[in-house]
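One chain comes next, on its own, written as structure tokens: the form predicted alone.
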Amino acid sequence: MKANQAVDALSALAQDHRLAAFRLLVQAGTEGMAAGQIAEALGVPNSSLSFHLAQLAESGLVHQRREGRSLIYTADFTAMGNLVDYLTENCCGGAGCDVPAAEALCED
């Protein structure tokens, strides 16, 4: 991951509704969630949520697909792992500190 990609991802997450939506999508796993379900779970109007999900998608942290009349959103776990790896790349000055792998983040 390049610095500008990390900045885009972190900028997208630096807002309450977007962070909450991303965390919800991480919990939903690979099945994802329909936009209406996300809006209902977060108590955010559909019009506002649409803007926030677009920001997350633009950053590469979220993907959308159409199923019938619904837009289904999923977290991009590879992008999330790349961001975590970028942030911890030089952790502990290379001394081999115990930082969980991105895969382990999804086990909780």
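Don't overthink the numbering: it's just position in the shown sequence, from 1. This structure is a prediction, so every number in the text was calculated from the model and none was measured.
The form predicted in complex with the DNA is left out here; the points below concern that form.
- Annotation: in the predicted complex, residues Gly29, Asn82 and Thr88 none come within 4.5 Å of the DNA through any heavy atom.
- Residue contact check for Thr74: none of its heavy atoms lie within 4.5 Å of the DNA in the predicted complex.
- At a distance threshold of 4.5 angstroms between non-hydrogen atoms, Leu42 is out of contact with the DNA in the predicted complex.
- In the predicted complex, Gln64 approaches the DNA with a heavy atom inside 4.5 Å.
- Shown alone here, Thr78 lies farther than 4.5 Å from the DNA in the predicted complex, counting heavy atoms only.
- In the predicted complex, the DNA lies within 4.5 angstroms of at least one heavy atom of each of the following residues of 1-34: Gln15, His17, Arg18, Ala34, in sequence order.
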